[in-house]
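We begin with a single chain expressed as structure tokens, specifically the form predicted on its own.
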């Protein structure tokens, strides 16, 4: 039975459709990669699963089902739940990490306190117990000198360290599904590789499933088990990562793959050759 099943999900903003009849599943322990250009509906889909899309926006989930398998084996349609129920699910069952940790972390609180706060809110832990668990999370996400860094503020840490803090906050309550929205885009290439390796290793250690949103096909090739390709609010193709990379069926998917820079591709040319992805869809 899938851990998460999304069916016919449709989200509208005023007079346009941001997500149109989206269907996919995520199995326990699986990594599902969601790829597509900016504006294709990837992040809106993730925020709709978390029921965050309607907060402070004009967005409206107009139809669909988002069914989550609960630990007792029952199934819950998240789109039918009230806000107190969703608050109990966020963090405990489904957690999310975002693209830019410096805008997600509170600049006036030490990072250790921010991990501990998540534990106090979601698990009702005491201050002492939550800080002890926060210290353990520093070790889990491989932050060195944890006793020193637990009292540091976000601006005192590098981009890679801040992203590790975001991962620690996401994993501290033991969620069964982690939604990672462009978690490495703001990082340089070497740190990006470290964070991807860390996420992959933590999945093995914790058994957490992951929905990885990115526009980077190289990232998908590195960590995903299955891939969903989105374009203009719809899923145009989905399947195992090997099938998507080696024998994509849709011209849009082939366009995304051909857009990946290749060593030597400009040899003999004065500049980059024109690339018309939209034309491939005609």
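Residue numbers count along the first chain shown, from 1. In this text the structure is predicted, and so the values were computed from the model without any measurement.
Keep in mind that the form predicted in complex with a small molecule is not shown, yet the notes after this line are about it.
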| property | result |
| --- | --- |
| One stretch from 22 to 30, 251 to 259, 218 to 226, 39 to 47 that, in the predicted bound form, holds residues within 4.5 Å of the small molecule by heavy atom | 39 to 47 |
| Touches the small molecule in the predicted bound form: residue 57 (any heavy atom, 4.5 Å) | yes |
| Residue 182, heavy atom within 4.5 angstroms of the small molecule in the predicted bound form | yes |
